[in-house]
Each structure stands twice: as C-alpha cells, then as structure tokens.
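The chain below stands alone, shown as structure tokens; this is the form predicted alone.
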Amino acid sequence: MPTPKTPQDQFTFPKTSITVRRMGYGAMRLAGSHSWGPPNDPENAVAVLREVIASGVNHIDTADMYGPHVVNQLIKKALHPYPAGLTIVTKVGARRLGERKVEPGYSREQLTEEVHDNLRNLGVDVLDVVNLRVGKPLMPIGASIEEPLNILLELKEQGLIRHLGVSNVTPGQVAEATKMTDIVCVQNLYNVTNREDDSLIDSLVEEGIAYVPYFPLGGFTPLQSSILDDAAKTLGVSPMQIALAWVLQRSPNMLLIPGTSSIEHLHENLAAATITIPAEIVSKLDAMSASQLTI
C-alpha cells in the first residue's frame, strides 16, 4: 500500500490525536464460517494480519464476539506488542451463542464483561475505540441507546476506553449519542447499492465524524453487476476494486475496512485506494440500484 501523498489519504478522528489511513482492515473473516469458531488455518490468519501491518495499514476493526474470542486472540498472537500508530477499533453490545445466534448484551454486567474480554484477548490496558453495536436483531430500530452508552461512558471514565463510536444506528440515534458524548465514528451498512445513509454521511462530513461502512463489498453475498464489470474492464482493475474505490471517493470521512483471509485478496483490496474513478464512470455507478445486481 503506497505511502499517503496527501492529507486526503488519511483521516484524523475528531477531538483525538488518532490519524489513520483511510483504507483499513476488517478482521471478522479470520474466524470460521459466519465469524463462528476458529479458522481452518490459524497460521494463515496470523500471516494475513502480519501482512496487513507490513502493507502499511494502521486501522484494524475487530470484536471479541468474532469466534467468540478467536479473532482478538489471533490479533494478539500475530501483532503484540503492537506497532506504534496502530489503532484497533472493537465493538460491544452483541453476544454470540452459536454460528447463527446472537443476543443483546447491554446490561452493566454484560458490557463490563465484554470490555474486559476485549482488553484481555487483545492484550491491552485500554481500548482505542469501542463502538456500541445496536439495531436488529439486538434492539428495535431507532430505540434509545442512552442506557448502554452511559455504561460505556462510565467504563471510559475508568480509563478502560479512550474513544467511543456507534454501529448499526439510525440518524436519530447518532444525534442522541452526540448529545451525550464525543462520537468519533459511525459504522453502518453501506456500499454502492445500499445507500440509505447518504444523508447521514453528508451530515457527518460537516461534523468531522468518520463513517465506516461494513460490508462495502456486499458481505456474505458479494456484489455482482454488469455496471461494475464494465467499469472494471474500462479501468483495467477488478469489479470489487471499483466497488471499494467508489466508496472511498464518496466522501473524505469514509474509512474502509474490507476483510479477507487471503493475502492475495488483501493486496487487491488495498490497491483500490490508488484508483481514481473518472467522473463519467462515477455517474453510472451513482445511478446503480439493488435491482441491477446479479446474484
């Protein structure tokens, strides 16, 4: 991954000294199927993580519920003691009971346990950034997040968390959170065909808050479209690189965390940060809709 040449290649979280490259890495795929259990090849997972750092990435997204515990333990094994400048962002609020079973974990006891699990398995004394994960199936869409966020604020005051973010939230919940404390990032579903957050993203740009889209390549059902294919052919890159580059060009507060368990795909993802999509192709991608996807 080339060294950033301009400030636009980097982002500083609001009211912090944390500056990260806008192309990061999401560690969820290092666990087993649907982020449950260990990977088939733990040593490969360690190798991928070390290549992430060797490639210049300084922003890793994780959660102790991945596995559970598995991914954070792999991160610790591969990277501890952590290199200077690395920011690890984790999330709490969800508890894994099986491959396809998740339950909310918002009580004081549960959130405290989740924070301590992250601390222990990552091998750190304080967590850089903790996102409160809400939304379905954990709580009704748009429900108040005041109570669990207050608990995380108490844990922050205890010195266990440096900064807070929110995940899978509505604009109303973002407004509620920012009235309570400084929020450094919002992590929601967003990609070239899922753009319900367009207005929210624009408002966050004005506030200087990072927007971190999860599933920028479609998640467990990867994006497929003739429009992406045509754009990729024109520019001589892959369709997934086009999808990542489009999101990165969408706004200056966009931080990408594409995940992979393959070093080859890691390099392909990171190379998307060097792609500039011409305006005429951007217009075609902007006009895409979910109906133009092929599964």
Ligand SMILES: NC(=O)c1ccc[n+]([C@@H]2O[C@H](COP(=O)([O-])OP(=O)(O)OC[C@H]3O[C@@H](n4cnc5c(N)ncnc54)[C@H](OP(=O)(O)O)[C@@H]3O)[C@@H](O)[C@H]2O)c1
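The numbering used is simple: start at 1 and walk along the sequence shown. Bear in mind the structure is a predicted one, so any value in this text is a computation, not a measurement.
Quick note: we don't show the form predicted together with this ligand, though the next part is all about it.
Asker: Between this ligand and Ala27, Met240 and Ser262, in the predicted complex, does every residue show a non-hydrogen atom at 4.5 Å or closer?
Answerer: Heavy-atom distance to this ligand in the predicted complex: all three under 4.5 Å.
Asker: Looking in the predicted complex, any heavy atom of Pro140 within 4.5 Å of this ligand?
Answerer: Looking in the predicted complex, residue contacts with this ligand do not include Pro140, since no heavy atom lies within 4.5 Å.
Asker: Can any non-hydrogen atom of Tyr82 be found within 4.5 angstroms of this ligand in the predicted complex?
Answerer: No, Tyr82 sits far enough from this ligand in the predicted complex that none of its heavy atoms falls within 4.5 Å.
Asker: Is the gap between Trp246 and this ligand in the predicted complex 4.5 Å or less for some heavy atom pair?
Answerer: Residue-level check for Trp246: no, no contact with this ligand.
Asker: Test of understanding: in the predicted complex, would Leu217 fall inside 4.5 Å of this ligand by heavy atoms?
Answerer: The answer is yes: Leu217 has a heavy atom within 4.5 Å of this ligand.
Asker: With this ligand left out of view, choose which of Val70, Leu228, Ile257, Leu49 has a non-hydrogen atom within 4.5 angstroms of it in the predicted complex.
Answerer: Flagged contact: Ile257.
Asker: Counting only non-hydrogen atoms, choose the one of 167-175, 147-155, 120-128, 198-206 that falls within 4.5 Å of this ligand in the predicted complex.
Answerer: Going by heavy atoms within 4.5 Å, the stretch is 167-175.
Asker: Pull the contact list for 187-208: residues with a heavy atom within 4.5 Å of this ligand in the predicted complex, in sequence order.
Answerer: Counting only heavy atoms within 4.5 Å of this ligand in the predicted complex, the single contacting residue of 187-208 is Gln187.
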